[in-house]
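First, one chain by itself in structure tokens, the form predicted on its own.
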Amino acid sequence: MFVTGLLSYAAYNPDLAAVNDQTPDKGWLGFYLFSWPTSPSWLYRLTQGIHVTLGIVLIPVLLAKLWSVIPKLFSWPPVRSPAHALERLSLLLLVGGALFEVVTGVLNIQLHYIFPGSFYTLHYYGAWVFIGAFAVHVVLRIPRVARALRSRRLRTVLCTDTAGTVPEPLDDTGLVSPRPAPATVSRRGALAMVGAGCLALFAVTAGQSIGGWWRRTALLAPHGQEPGTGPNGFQINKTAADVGIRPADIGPDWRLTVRGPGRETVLTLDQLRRLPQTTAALPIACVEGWSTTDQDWTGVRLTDLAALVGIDGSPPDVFVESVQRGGSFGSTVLRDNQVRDARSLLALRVNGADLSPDHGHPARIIVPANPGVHNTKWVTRLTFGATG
């Protein structure tokens, strides 16, 4: 889950431009960043689907782990020595980091933005705090884990019912009750309960990443984002009205400005339609974990638009601006490899119909393997060679 989270962050190309970067003070934490590829086209759909689905599925595991060690978390006195204080601090970062990541992640999946700052910044830093504490905790606990795993065979645990379940011998861990009550659940029962919880969450979550018919099974995913039926009847996060798009912004007076080094051209929607049109079957995948199946997008290749301002051969990065007002995602910068992909379009139509206002009419970006939020809607300006 941590690795797919890092990949999700890399997919935003945060090292490319300020408008892409939600964590400007990350420093050396961004050591691993690389140019996000455009192939396969479902790459981000896969990595983010795994990240979100696995995050939900592991909630019972986290709760079971916390339940099993809860006496240790509230032991008294809380600090007995400097070494014990350091251990308690590491546990605070470990447990606090895990709970923080789960809570912020679930709220984001539900499109419930009540964070005191940017979700991306908070979740990114929280992940590094958690994984650092987790690594230290694992190193410190390896000897105890090894002893525990050697103490009994898994097959023995799975074959022992509640009547045959006996308490652990008293030791120095602080987790064994000196006067345990009779067992009310066997170890295999506890494992089965956690496993059943994970499977149940998988069954009601995975459909939002699979998309299509399976989205109906995603009972825990946010619903109501399908804008009707027909060619434009697939998932969105926000409508045009949600982000303040006015009819006049995307009406007959709308124009697309294309800029390059020393050149500029302004196009109407009719002029865009008269340019060579390309169709590409591409999904949309969002950071919240949901994705669509492939939709047939039709529009003008970004390379063809670059050629209009004298850029041939190897187009540079492009700064994409929207008529969307305010918010964090009215603009983005696409990397040069994204611009060069023949499937990267300024889309005017989807599934044989004009884009609806909620899907970005008159024109939107669609790039393979691109996070949905960077497939900018209601585009009004493209500046090739600018960093944003």
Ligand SMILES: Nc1nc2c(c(=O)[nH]1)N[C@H]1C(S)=C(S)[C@@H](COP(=O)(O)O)O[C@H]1N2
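A quick note: this is a predicted structure, and the numbers were derived from the prediction, not measured. Start at 1 and count along the sequence shown; that's the residue number.
There is another form of this protein, the form predicted together with the ligand, and it is not shown here; the text below is about that form.
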item	value
Option touching the ligand, based on a heavy atom within 4.5 Å in the predicted bound form, out of 349, 359, 343, 51	359
Sole residue of 311, 250, 286, 133 within 4.5 Å of the ligand in the predicted bound form, by heavy atom	286
Residue 372, heavy atom within 4.5 angstroms of the ligand in the predicted bound form	yes
Partner proximity in the predicted bound form: residue 38 to the ligand, non-hydrogen atom cutoff 4.5 Å	no
Residue 84, heavy atom within 4.5 angstroms of the ligand in the predicted bound form	no
Partner proximity in the predicted bound form: residue 235 to the ligand, non-hydrogen atom cutoff 4.5 Å	yes
Which of 57-65, 351-359, 334-342, 24-32 sits within 4.5 Å of the ligand in the predicted bound form, heavy atom basis	351-359
Output flag, 243, 364 and 376 jointly within 4.5 Å of the ligand in the predicted bound form, heavy atom basis	yes
